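The chain below stands alone and is given in structure tokens; this is the form predicted on its own.
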Amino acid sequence: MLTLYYSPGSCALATHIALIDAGAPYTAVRVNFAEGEQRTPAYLAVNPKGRVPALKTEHGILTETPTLLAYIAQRFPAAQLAPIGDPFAFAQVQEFNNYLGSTAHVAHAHLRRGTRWVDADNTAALEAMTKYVPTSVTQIFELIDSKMLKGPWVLGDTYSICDPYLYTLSTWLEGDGVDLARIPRVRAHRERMAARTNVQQAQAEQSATAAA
């Protein structure tokens, strides 16, 4: 049994969706960020970074969304969530997901997490980062829209672990000040994903625990 640690509204939704896609046995444990649970000794023992997602396996705990998605695809190959038998094609999956993690997510984080990069007293730098988010995130997603999204799904006609990750980050775009009219293919992908039963199930499970 796998255990996913998540917070509603976070990038952990991508892993949650992938677990359902894979037919994996799992339990989902909410980490209450509003109450600072991510900084408690109990959770830091799970993930010393104090972030989500974290995935407890029988071999140990894994963190970082691209890693968790790759693990799920390889752990449950029958689900065919990535071309794990083709080294180049699988590297392309990793290339896309790492771009989301290292670039798209980081640009988004400048909106409210600027103190990861500058001191909290540096208000000018924090304001500059916040002000630039609509521009930087728009540029990133325009590149995804025009060059990286190959078809109805990220890889083309085949659904993969790239799709729940792109979907999750795309749900933040309005909050980042991005005009969705500028990225019509990403917007269509988000609508396509939102219609999937597994996506709805993951969101319902997270909403239920948040309300509990």
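Note that the structure is a prediction, hence the values are computed from the model and not measured. One-based numbering along the sequence shown.
Below, we turn to the form predicted in complex with another copy of the chain, even though it does not appear here.
Contact with another copy of the chain in the predicted complex, defined as any heavy atom within 4.5 Å, is confined among 154-162, 27-35, 61-69, 177-185 to 61-69. Under a 4.5 angstroms non-hydrogen atom cutoff, another copy of the chain in the predicted complex lacks Gln80 among its neighbouring residues. Contact annotation: Thr171 falls outside 4.5 Å of another copy of the chain in the predicted complex, judged by heavy atom distances. Contact check for Thr57: a heavy atom falls within 4.5 Å of another copy of the chain in the predicted complex. Not displayed here, another copy of the chain is approached by Arg116 to within 4.5 Å at the level of heavy atoms in the predicted complex. Taking a 4.5 Å heavy atom cutoff to another copy of the chain in the predicted complex, the contacting residues in 112-145 are Thr115, Arg116, Trp117, Val118, Asp119, Asn122, Ala125, Ala128, Met129, Tyr132, Ser136, Leu143.
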